[in-house]
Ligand code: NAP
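One chain is shown next in structure tokens, namely the form predicted alone.
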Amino acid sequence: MPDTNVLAHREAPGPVKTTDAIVIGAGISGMFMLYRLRELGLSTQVFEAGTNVGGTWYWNRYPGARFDSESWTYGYSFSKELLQEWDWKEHFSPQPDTLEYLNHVADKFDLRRDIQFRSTVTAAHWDDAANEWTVTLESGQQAKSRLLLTAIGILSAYTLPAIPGRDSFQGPAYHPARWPHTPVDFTGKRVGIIGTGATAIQAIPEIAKQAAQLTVFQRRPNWAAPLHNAKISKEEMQQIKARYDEIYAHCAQTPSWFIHEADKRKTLDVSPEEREAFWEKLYAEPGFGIWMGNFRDILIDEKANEKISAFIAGKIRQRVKDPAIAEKLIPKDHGFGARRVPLESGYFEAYNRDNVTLVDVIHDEPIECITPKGVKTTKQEREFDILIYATGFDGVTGAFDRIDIRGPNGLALKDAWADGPRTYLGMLPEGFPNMLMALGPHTARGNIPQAIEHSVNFQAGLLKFMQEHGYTRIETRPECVDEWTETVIKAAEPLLSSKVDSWQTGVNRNVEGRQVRRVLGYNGNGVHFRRKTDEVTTGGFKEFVFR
């Protein structure tokens, strides 16, 4: 499928430029990395594949794309001035507004002068003798630096469906992560969408409003809960601004940097009537409360999870008029919250429309192939004007695998991580000197921008320590990597999510070799993670080897 966003023009290879640091990516992570590296006085070159800043919010322009965490907890918190001058328009910001915000940040801090756009990094090789990295772009251009920092995102390596004939379709075909910069007009069109994951759950209600016919091909249904989005008035925005210190202090004390935290009670310790009333309240509230503010055992206890799953299944049956369609939309292979819960605006009601058809490709109509005219199933060929491949991402490690990263003695990162990632705190990979990662595997996540700020601030402190002591090289200690890897694995064991196939457990049927579950993130309490990083900092970074 052609890339409709990045211009075909590529710069001819020029002289090799040397800087103190190279950052891959100019999304939320890369922009903040650049800001902090400048503060340290380090010359920095950022390489970005797109034509502008924004990362996720640059690429994902599909209909309905928006935050599922509260806007006013999602932005950067490092600048009080930035917090006070920016007005969020909605509680859950749509993609255009978010991209506008990130462009505002780039303008305010003059970030673009150190960012080279249309620059896809294909390789990064470590030279042990020179103590530096050589980065190679798709154009053939090369650059060198002592430090390599990755800001490539956990969901940036999009995947297309492994269906025969995929490239034969004669009409336009889009992946949500490579949506055109100009709006796609679905008016009067026959549209087919393959996939019912998070992006499809946002896009389907919007496309259904325009399309003459929308056919949804579903392999496995996903749980979803109402977003309950609303506009933010000027008065409310002023109240939010007055509370920013309180809001961010609160988020720093919750397990995942969200405003939500689990109820201290257990599901079966309250009466059925009280439990039902509590769930009705959460279901009617905006945001992740139904998932992250629920009883504390719904994500670890199967009996508790069965109760909340039955409640959400009941809501789907209430909202979908056709009982047979409702049953197809209720997951049977995992419980509510065991995969990341998409938040939706009218998703289930979309299936009540006469112009929307749901096709179950597992039980009713398996897809045989894509044809020039559409999709051929075991029962018929369905013709379409537009196809959408909402088939997700090779999560967390996928973006690393797509770059030829090699450490000492030519060791490929992909090979080093073949049996699972090995890092310390998810920020430095074992065996790869002077390589730092924002949102690397085995780090704490949650509310992404706040997780990014914490990670980048820790790394900035590490680099400042190196400056103060005259160090030019840093590596992880193997025993500390062993300890952290064991911590990460143990933290995942009690969770029901660790028993479910998802991008979070490294499973993607569209990617060869991605059929075995792996632990890709730190799923323990984020408060404990933040305390751990603070201890490492105050202890003088003894967990690392410096030269």
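In this text, all values refer to a predicted model and were calculated from it rather than measured experimentally. Heads up: residue numbers just count along the shown sequence, starting at 1.
The form predicted in complex with the ligand exists for this protein as well; it is not shown, and the discussion that follows is about that form.
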Among W484, F32, W503, Y58, which has any heavy atom within 4.5 Å of the ligand in the model of the complex? W503
Residue (of V121, L413, A200, L436) lying close to the ligand in the model of the complex, criterion heavy atoms within 4.5 Å: A200
Work out which of the listed stretches, 108-116, 192-200, 462-470, 300-308, brings a heavy atom within 4.5 angstroms of the ligand in the model of the complex. 192-200
Does R66 reach the ligand in the model of the complex if we count a contact as any heavy atom within 4.5 Å? yes
According to a 4.5 angstroms non-hydrogen atom cut-off, is P161 in contact with the ligand in the model of the complex? yes
Residue-level contact is defined here as any heavy atom of the residue lying within 4.5 Å of the ligand in the model of the complex; does Y62 satisfy this criterion? yes
If we define contact as a non-hydrogen atom of the residue within 4.5 angstroms of the partner, is S497 a contact of the ligand in the model of the complex? no
Can you tell me which residues in 487-510 come within 4.5 angstroms of the ligand in the model of the complex, by heavy atoms? W503, R509, N510
